[in-house]
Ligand SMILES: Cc1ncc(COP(=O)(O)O)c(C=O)c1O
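As structure tokens, one chain now follows by itself in the form predicted alone.
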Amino acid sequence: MSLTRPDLASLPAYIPGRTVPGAVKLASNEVPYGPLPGVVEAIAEAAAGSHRYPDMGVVALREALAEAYRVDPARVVTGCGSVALAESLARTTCLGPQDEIVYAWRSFEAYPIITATAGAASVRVPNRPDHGHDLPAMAAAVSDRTRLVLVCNPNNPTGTALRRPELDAFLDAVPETVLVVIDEAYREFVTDPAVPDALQTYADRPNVVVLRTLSKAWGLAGLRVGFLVAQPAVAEAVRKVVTPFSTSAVAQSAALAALRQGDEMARRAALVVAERDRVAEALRHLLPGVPPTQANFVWLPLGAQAAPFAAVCEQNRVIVRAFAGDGVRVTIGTPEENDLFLAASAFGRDALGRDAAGLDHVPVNNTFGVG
């Protein structure tokens, strides 16, 4: 007899981006510029009191987030990254296999893991041919068993973003008895004005929860700070299932310091966006099907060639994230790192099995002597 749940044997493990000594890591959607000013000092100061438990209510940070995003602190819940809060939402809404969680696929790879660990049933809705969410199909997939719908905007790993008219229609179609989670982990990199800020546009709907994280643009990936904004009753319920003390004292102090650097965060995000646009344009000479992206990464829809392409990149000292059978996600790094990736991409021509002529036009500043 197994000592653990038998259904977990078929559950895929979450696969993080790898770090390889001597190689550039463009696999985990991290920002490349280091902590924001004041964060390291705040960490050091908080560490001196790390023999004490943190504030379990996370009062100061919740109030700072509420002020920054103009919401009531009672509606804010923090957690160990936004992924942990998504897991808490699944536990808050689902009781077992009779309950369903609807999400697009491919989307954030943690969604099926979260669903399975909550004991619920996954309902995966294929993305459109342009790699974006098929919201009408997702709305049609909602049944009387659906408890939660996960909408990733911009979508990880494809970078595609949903615009307001389609989101408006979707939210109007979903019953108010179903909780809709809009996961905006990459919101700070959005430049398309047609892509709505869910906190400003939808957070007042009774069945909408908005997820955000300080891991990406705010540069706190290693400290794990995420937050959600929901109606007070939903937020209170989520707080009951969040692991006690899961937002550490060091993480709380670092987050408060980071939030005081909003202008610097925006400046750095703009640098990433400029590089994102440059890299995406260069890659379209290689692969015309590269979709527009509103995140800090680009998606290469390489299908069966994803793993061979990633292997070629690794041979040329660049680590990207391959999703076998689907594509490759490439994080935007510094200009020098991005140039190294573009140069490595030229070596991927054979792995792609495509006419490589277009790669001759990829603009690369070949600083590293590759190619």
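All residue numbers refer to positions in the sequence shown, first residue = 1. Quick caveat, the model's predicted, so the values are computed rather than measured.
Below: the form predicted together with the named molecule, not depicted.
- Message: Using a 4.5 Å heavy atom cut-off, which residue among S215, Q252, T115, T146 comes into contact with the named molecule in the predicted bound form?
- Response: Of the listed residues, the single hit is S215.
- Just one of A185, V272, V210, V290 has a heavy atom within 4.5 Å of the named molecule in the predicted bound form. Which one? Of A185, V272, V210, V290, the residue with a heavy atom within 4.5 Å of the named molecule in the predicted bound form is A185.
- Query: Is every one of W299, F323 and V330 within 4.5 Å of the named molecule in the predicted bound form, counting heavy atoms?
  - Reply: No, because W299, F323 and V330 lack any heavy atom that approaches the named molecule to within 4.5 Å in the predicted bound form.
- Looking at 185 to 193, 254 to 262, 125 to 133, 198 to 206, which lies within 4.5 angstroms of the named molecule in the predicted bound form, counting heavy atoms? Checking each option against the 4.5 Å cut-off leaves 185 to 193.
- Message: Residue-level contact is defined here as any heavy atom of the residue lying within 4.5 Å of the named molecule in the predicted bound form; does V83 satisfy this criterion?
- Response: So V83 counts as contacting the named molecule.
- Can T78 be called a contact residue for the named molecule in the predicted bound form at 4.5 Å between heavy atoms? Residue-level check for T78: no, no contact with the named molecule.
- Using 4.5 Å between non-hydrogen atoms, is C152 touching the named molecule in the predicted bound form? Heavy-atom contact with the named molecule at 4.5 Å: present for C152.
- Message: Taking the named molecule as it sits in the predicted bound form, is W105 near enough to touch it, meaning that at least one heavy atom pair lies within 4.5 angstroms?
- Response: No, W105 stays farther than 4.5 Å from the named molecule in the predicted bound form.
- Query: Mind listing which residues of 111 to 150 have a heavy atom within 4.5 Å of the named molecule in the predicted bound form?
  - Reply: Heavy-atom contacts to the named molecule in the predicted bound form: only Y111.
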